[in-house]
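Just the one chain here, laid out as structure tokens, in the form predicted alone.
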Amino acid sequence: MLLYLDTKRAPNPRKLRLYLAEKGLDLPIKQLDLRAGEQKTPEFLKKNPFAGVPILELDDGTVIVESLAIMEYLEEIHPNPPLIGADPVTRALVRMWERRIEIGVYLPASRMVLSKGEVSEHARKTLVARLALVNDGLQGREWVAGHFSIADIMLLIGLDTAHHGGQFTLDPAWTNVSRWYERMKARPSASI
């Protein structure tokens, strides 16, 4: 098994690095320099014609692309500690919150940081509205889906993306998100 990641801190490879750290998994990694175009070589494009990372190449040559699909695969072969849920209800809740956060927090944060003008401002408004809902969802909970999971990893990626460049701060009224963020940043995996 060989995991292909970037040499920097791109969001999806970082999400996978956090997942591996939380699971205590040490997989062989081949780091690609995306700025140098290593993901566009003919050899790599045979593995992933979309030219992105992460990808996981299994010993039989099977290639799994996309961070969530890779985490799902690894969760099946390394179920403990469960980061996608241990039963149908918790798995559904984790997946629900992970998608809500990816679409409602991470994507607007990315647009806000990478865009300008009206697009950036619209993304900021969407991000603020969604974080208010996440704040409400965290009421009475330590972790987004009730226990530590990939939903928490996704929220960290989203908030770190929003804070990139120092143009965004959490609303002081979001006490639950602020409490969660400080707790999450204190985890050893968060420094990865």
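What you see is a predicted model, and the numbers here were worked out from it, not measured in a lab. From 1 onward, residues are counted along the sequence shown.
Another form exists, predicted in complex with a small molecule; not displayed. Remarks below refer to it.
Exactly one listed residue, out of L27, L34, V63, A132, brings a non-hydrogen atom to within 4.5 Å of the small molecule in the model of the complex: L34. Although the partner is absent here, L155 lies well away from the small molecule in the model of the complex, with no heavy atom inside 4.5 Å.
Under a 4.5 angstroms non-hydrogen atom cutoff, the small molecule in the model of the complex has V53 among its neighbouring residues. When contacts are judged by a 4.5 Å heavy atom cut-off, T161 does not count as touching the small molecule in the model of the complex. Proximity of N12 to the small molecule in the model of the complex falls within the 4.5 Å heavy atom cutoff.
Of the candidate stretches 163-171, 121-129, 45-53, 134-142, only 45-53 has residues whose heavy atoms lie within 4.5 Å of the small molecule in the model of the complex.
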